[in-house]
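First comes one chain, alone, set out as structure tokens in the form predicted on its own.
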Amino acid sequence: MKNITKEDVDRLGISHPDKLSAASKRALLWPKIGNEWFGEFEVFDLKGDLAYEEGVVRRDPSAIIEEDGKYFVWYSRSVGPTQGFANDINKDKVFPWDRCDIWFATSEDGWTWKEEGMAVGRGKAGNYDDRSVFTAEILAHNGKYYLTYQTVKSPYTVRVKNQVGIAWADSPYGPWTKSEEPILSPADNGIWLGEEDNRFKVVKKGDFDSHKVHDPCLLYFNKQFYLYYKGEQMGEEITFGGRQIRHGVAISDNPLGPYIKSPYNPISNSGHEICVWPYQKGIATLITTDGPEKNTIQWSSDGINFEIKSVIKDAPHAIGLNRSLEVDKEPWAAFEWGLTHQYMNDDYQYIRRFHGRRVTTHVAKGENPG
């Protein structure tokens, strides 16, 4: 334990510096990070075509880009209720993100949106993306546009292995050219136990992404293309923070690949949907939902080695950041406004708008902060 100063004792309210609890010892080791990384969110309904519509699933909004005075967003779209794995998986819809295509919408003010139609559809029978294409992200780079997304090949079984595809275009309106093969696949070093369609029964678990690669997000960083993604492991366990979900990154010199997974993977201990953005010559990430470090904002100078900067609460799910914002002003500038999805029920989700704000003090009702 480091030398304890009077300032440490006063700042942390330690009663007896000679008798430290385990909690006080941990607190003394915390880095002295300011409150600029802490904040909170509000969520609002949208108008126009992205308002809730019974019978239609709209979820997983991409980042927002601005082109020629309009905002663009891409998202997963499907119709009808879900049946889970209990019925005929060849005919029914397993999850809300099953049997999806990727659609897009535009807006002049970020509130009222016009649905423009399908951007990327499912592939032909037998292709790696014939069952569903969903959870898209957008990168605008050097006059071209790149959509990364996850894919499922039929049949949609419990043990099915999701992959990642990419499509590119010269305009945000398309047309889009899809990759004939996936650009990222799960690690091939886990071994299932038996023939039962059960994801928890394994002989060998394999790498953190041996079952699925999800939620891809492509950034241009350090003159290379960094493809961040969520990994799910065969034989997934429950940790002291919930599901055993972690993030990884694959890197390429070309936006279309080939992508090489970082040898430092996994690069997080927690997470769910990928939310990453360039900040102060590094990469920041919002980690939510699963694992012992969920609900944290983290930052890395090299895009691989992330450190916790703050712990937050009630972060929106599946955040689509607004890439048109000036994000280098301070950490919460990236959260000024963007899009998220919300569950109306287990069958149907819809897209909403979030606002984020930095929080520096706590003031009770009627109190004068002075």
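In this text, residue numbers run from 1 along the sequence as written. Computed from a predicted structure; not experimentally measured.
Although it is not shown, the form predicted together with a small molecule is what the next lines describe.
Using a 4.5 angstroms heavy atom cutoff to the small molecule in the predicted bound form, all of Phe134, His214 and Lys230 count as contacting.
Taking Trp97, Trp192, Trp176, Tyr71 one by one, only a single residue has any non-hydrogen atom within 4.5 Å of the small molecule in the predicted bound form, and it is Trp97.
The contact residue chosen from Gln150, Thr285, Ser270, Ser210 relative to the small molecule in the predicted bound form is Gln150, the criterion being a non-hydrogen atom within 4.5 angstroms.
In the predicted bound form, the small molecule lies farther than 4.5 Å from every heavy atom of Arg58. Contact annotation: the small molecule lies within 4.5 Å of heavy atoms from the stretch 134-142 in the predicted bound form, the single such stretch among 83-91, 253-261, 199-207, 134-142.
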